[in-house]
Structure formats: structure tokens, C-alpha cells
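Before any questions on binding or motion, here is one chain by itself as C-alpha cells, the form predicted alone.
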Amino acid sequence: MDERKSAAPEAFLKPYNPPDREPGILALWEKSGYANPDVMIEKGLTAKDAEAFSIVLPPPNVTGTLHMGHAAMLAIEDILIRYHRMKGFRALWLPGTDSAAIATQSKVEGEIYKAEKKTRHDLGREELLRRIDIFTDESKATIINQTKKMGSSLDWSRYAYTMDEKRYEAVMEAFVRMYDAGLIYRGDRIVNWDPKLQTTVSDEEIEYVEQKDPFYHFQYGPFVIGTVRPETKFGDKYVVMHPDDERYKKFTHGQKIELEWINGPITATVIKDESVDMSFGSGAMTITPAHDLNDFEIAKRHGLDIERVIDDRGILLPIAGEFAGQHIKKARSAIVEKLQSKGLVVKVDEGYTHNVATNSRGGGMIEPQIKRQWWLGVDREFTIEHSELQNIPSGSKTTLKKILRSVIESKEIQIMPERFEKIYFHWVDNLRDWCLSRQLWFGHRIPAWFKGDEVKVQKNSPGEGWEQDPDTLDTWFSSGLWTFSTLGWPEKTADLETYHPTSVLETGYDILFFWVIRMIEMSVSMTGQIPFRHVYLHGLVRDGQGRKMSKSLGNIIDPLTMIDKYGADAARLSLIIGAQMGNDVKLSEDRVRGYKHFANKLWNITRFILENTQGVSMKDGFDEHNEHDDALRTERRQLFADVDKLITEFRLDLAADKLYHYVWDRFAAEIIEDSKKVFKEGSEEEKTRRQQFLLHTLQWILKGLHPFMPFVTEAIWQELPEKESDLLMVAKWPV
């Protein structure tokens, strides 16, 4: 055997270095066009009638850069797509980006003010939108290039942007249809109002920040009430308690009570309502219906007065008396002082910890307000003209809430892990009507037209004298259409026919109850189809100690830095192995570095095999079913049967782990070591069989690892003297 042994191919004389190799591999993939299933069919690599497997990429914000959450999502989705492509499916992974209207407009406005000391009102709508377009074009290029660096085999020929012309057409069509069906209406309800950005904010964009504030206990007639916000209490003329609370049995619903309050004597009314938590504080509370959602709901139930106390800028209104015109933050201490002087402060708990609602998209603290807005009614009955759902036939009357429950209960959509179903149903049961309108300039403008008291909802202007609603739609409205608008809807395209419903929605569990719900609502009401068959939930990526990554802790691990240092394959494996669906994963730089060693190991294994098999064909004299080395082949076949099953069950963590341990602990540590002995002491026939086994097994390993580690496996594939396809990404999965 030593006589036949020669130097390894030139490529293997140096260690594997990802920064040297990855750009070239990316260029090869892109040039091939194989990420486009149409190209695969044209070249005979996929059957025209093959089953479709499709994923629409959850669109990253154009303002953002790649973080570890994105990286985990990209790794998981790319594994699924590469695997199904190799299995012969019509595999489509469709890319896109999201306008992220609030975040984008806020960022651009901030930059303009910093540089020019001008607001959007100084520039005008047209000029601001022009500046935003310039900014988003640059940002799109950044996030797209970063996405490609992860090895994402997306079909860029089908790229979509939530604000492009085709998506605009879909958004307008959906709004008008839903309005005509009675699902969308205009009305006065309480909203999440951002005084800083002067716009409503969706529930999806609310971020609750833990904050410590004094908790005040005030004497309110015969009751003690508690609050962290004394500045809202000027309009409090109702005291609410649970009807079963024995402490307040002597008080009756509707009873009037005279008492001294902030600006003098008032008449308060007792309200009995079952929503009150008897165990919190004294069990009695006053309500501010214009500035709190729960208080608003109580007021609506009992037909109570609803008075505003705070204006859109956070300024106290005339109802506040001597405090009118003051900002709520500045007025708080003065209001407490006045109550103290009246002997109405019972006690103050310092350092009370509570969650404060803020606008996560660069805005300020949320101040609930009652506004006339456009709403999507989740309990409104409508006729579903076309339905492919199991339990809701075409032409029947239903509601969005019923649809949301039905598709999960029937398992038409499977949430994975299944334990998240309970949380999903909790959110659905508590779902409120969705506020669709935003007081922004960047976004899809609402197709509603006004002339005096007349309102018309249609795509184009009704004619002279009609003014279009200046508001834009919540960015989640266009995102809710994502699975089908990206495939050509409202036109009946071949893509829509072939790839919808999509196979998987892969996303973090932290946004399950927002985006998933919106997409089901929109897809079923517009197409009669579910948007996806599976919901794969990945966990949060935390640091090595299990802490959430944050700038303040200084523990953020940048995926781009990890890719530059250790390669995309190492970054991907570090996010997959040990990362069970729905569970958080602990990540450290050492962990990423460890998987770089695995890529090196694979490189060195290949060098050994190629050194010891030069001039040997995989076909000559090789019989897959002979008795020699049969146990090794049986083991290999069983390994891939297990891996195959695990991937189809979405246990990517276990599939990757099995391959990893087979390659490192079994193939490298035992089989290759045994092969050295065979090459030294075995007969010529034994040597040839072992050479061929190693060559075949190397190709099986490369194919198996390719979805998980696409770069190093493709780099090795390109150096093989004998292979079935020009690129590993289109090789057939081992059967």
C-alpha cells in the first residue's frame, strides 16, 4: 500500500481556512442558479412533478444587521431547504426584507434632525419618503450580504420587499376585500400611543421594560387605592371592586359617595365588576378609562363616562385644574405633595418593581389614548367565500378567532414543540381587535377617501374633492400577507399554485403569538388556505452563562465576527447541536471555536482518504452487498436512516449530533485507524474494498453534513476526483 500512497491533492497541503474558501463557494452557488427550483427542473436535477417544499424567509428589518437570533433562523431554514433539495423536492426558499416602518422612519428622522435640525414637517412628506428610500436601499444591501455570508441558499431571483410594487398591490387588495367583508371598520377605541413619535403602536412592537417606581396608597373616601401613576387620577370618579369581595359587602353597585380628592370635593360612584383582582392591594381601585385598556373595557361594560386627562404629547388637560399644561413626568411629584397636604397619602412603597410599556422601535413610553382608527375585528362574523379548511366549509359564516382555533385543533397547522399550543390558545382567547392605522408617512397608505362625512374604501381616488387618509398601515399588515403575497397574490400565479401553503414557518417563540396569528388571519381570509403546515419555534440565543445578550452586559456575540474568525459552518453548528426546538441555547466563543476544529477534522479525514485511494475508482470491483466490511456498511446505512428520520421530524439538533459523533468518534477514531492496519497488513482485495468503502463513506458523510456545514463540505466536494454532480448542493441524498 505504501507504494500506492502519494501526496494529497494540492488543496489539502494547507489547513482549511474558511475566509479563503467561503467567498469562492458562495460565488459558485450563486452562479449555478440551483437555489431556483425552476433551474433545477430545467437542468433535469428535479422532476417537474416533484413534491414542493417551500419556506418564505421571515423578512429581516431593513434597518437591522444580522444578530444571533437571525443566524439561528437562517441556519435552521437552510438545513431544511438543502436537505429537501438533495431529496429531490421542488425546494424553494424565498427571501425578502421588511420596511419596519416605525423603526425606519424614526431612525431617518433622527439622523436628519441631528445633521440639519429639521423635522419631517420642515421637509414635507415627499422629501422625507425620498430620503427614507435612499436609506433603505443601502440598508437592504447590508442585510442581504450578511444573510448570504451564513451560506443561505435562498432564491434571490424571487426577492420581495414589503414596500415594493407587487406587495403594495397585495396590501391594497387585502384591505379593500376585508373592509367589504365587514372585517375592517373605523371606530374609537383605546390604542397604544407613543407621545414621542406621535403615532399608534401595535401590540407586536410593545416592549415591557422593568422599572422601579414609588407605589402610592391614597385615601379615596372610605377606600384605600394604589397606583404608580398619580398624574392620571384627576378623572377617577368611579371606584371598582369585585361583587364577591366581603370587605365591601355594604357598598352597592351604583352607590354615590361624596369625598375629597386632588382638586376638591367629588362624587364617586361604586362599580361592582368581576375583573377586579381581590388579592391585589385593598381590592378596590379607581379607573381612568381614557388611559388604560382594562379600565376602558370596564367603562364600556357599564356605560361609564370616559374623560381624557392627558393629551397626545403627555400634557395634562384642563380637567387637571391647577396642574393643566404640565407634562405628566414633571407634575407627578407636585400632585403627590398636594395629596399629602390634604392628608390623603396613606403610605408610599419605594422601589416598587413593575413592567412599563415602551415602543421597541425607537420611540418612548406608551401612553394609552382613545383614538379614531381603522381596526380588524377578530370577533366579527364574515362569510368565507373559499375555504380549504377541514372544519370551515366555503360559503359558511365564521370569525377570525374561530379560524385561529380551528386550524390548530385540527392539526392542519402543527406547532412544534407541541407544548406551545396552550400558550397559543391563551393568546387567541384573549385576542382583541387589531389597530391597523399608524400616524406615519412611511408605509402603505390606507386606501380610504374622505369628502366631508362621506367615506369610501377603494384602491384609487373616487375623483375630485376626495382626500386620502393620511395614515399608513401597521407594517405587520403587509407582513401578515407574506406567505402568499411573495408568491404573486392577488394574481393566480404558478408559484402560488405550487408553493402555497408553505411547508414551514420557522421563527423564534418570542413572536409566535403576534406574527403567526396575523399570518393565519390574513391567509385564510384572503386565500382560504392555511399559510404554512408547520410552525418550527427556535429558542433565544443566550450567552454561555444563560443570560440574555445585551449591550449593557457586554455579552453580545456577533455572528459576523464569529464567521470571520471561525467560518460560517462553525457558527451554524454551534447554533444547532444541543439546540432543541423551543429551548434556549447557550452560546460562547469557545463553543464556536470547537466546531471550527470539527471542520478541520473533516478536512484532514479527506486528505488521508485521498492520499490512500489515488488511482482507485469507486466503481471498480465494488459490490455494495458483498460480505466483506458488511457490518460497516450496515452501520452506515442505519446512521443515515436515523438522520433521515430525525430531520423529517425536525430534530435537527439530534441529526447533527449523530453525524458529528459518527465522524469524529467512530469514523476518524476507529474506522480510519483500523484502515491503516488494513492498508499495511491486508490483502490487495481487502485494501481495495476498504479504499472503496472509505471513498463511498466520505461522500455519504459530505452529503449528510452538507445541510449543516455547507461550505467545508462543498469545498471538499470540489476536490474529489470522482463525484456524481458538479456541486454538492445538488447531489442526491444517500438512500
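Residue numbers here begin at 1 and follow the sequence given. These figures come from a predicted structure and were not determined experimentally.
From this point on, the text means the form predicted together with the RNA, which you will not see here.
- The candidate spot formed by Lys237, Lys342 and Thr498 lies out of contact with the RNA in the predicted complex, as no residue has a heavy atom within 4.5 Å of it.
- Note on the partner interface in the predicted complex: the residue among Gln198, Thr493, Asn294, Ser461 having a heavy atom within 4.5 angstroms of the RNA is Asn294.
- With the partner removed from view, the residue among Gln373, Thr358, Gln529, Thr286 that has a non-hydrogen atom within 4.5 Å of the RNA in the predicted complex turns out to be Thr286.
- Under a 4.5 angstroms non-hydrogen atom cutoff, the RNA in the predicted complex has Lys601 among its neighbouring residues.
- Mapping the unseen interface onto this chain, Lys43 falls outside it, with no heavy atom inside 4.5 Å of the RNA in the predicted complex.
- The RNA is not shown here, and in the predicted complex it never comes within 4.5 Å of any heavy atom of Arg167.
- In the predicted complex, the RNA lies farther than 4.5 Å from every heavy atom of Asp311.
- Exactly one of the stretches 670-678, 23-31, 685-693, 701-709 approaches the RNA in the predicted complex with heavy atoms within 4.5 Å, and it is 670-678.
- Contacts between 216-246 and the RNA, taken as any heavy atom within 4.5 Å in the predicted complex, involve Gly226, Thr227, Val228, Lys233.
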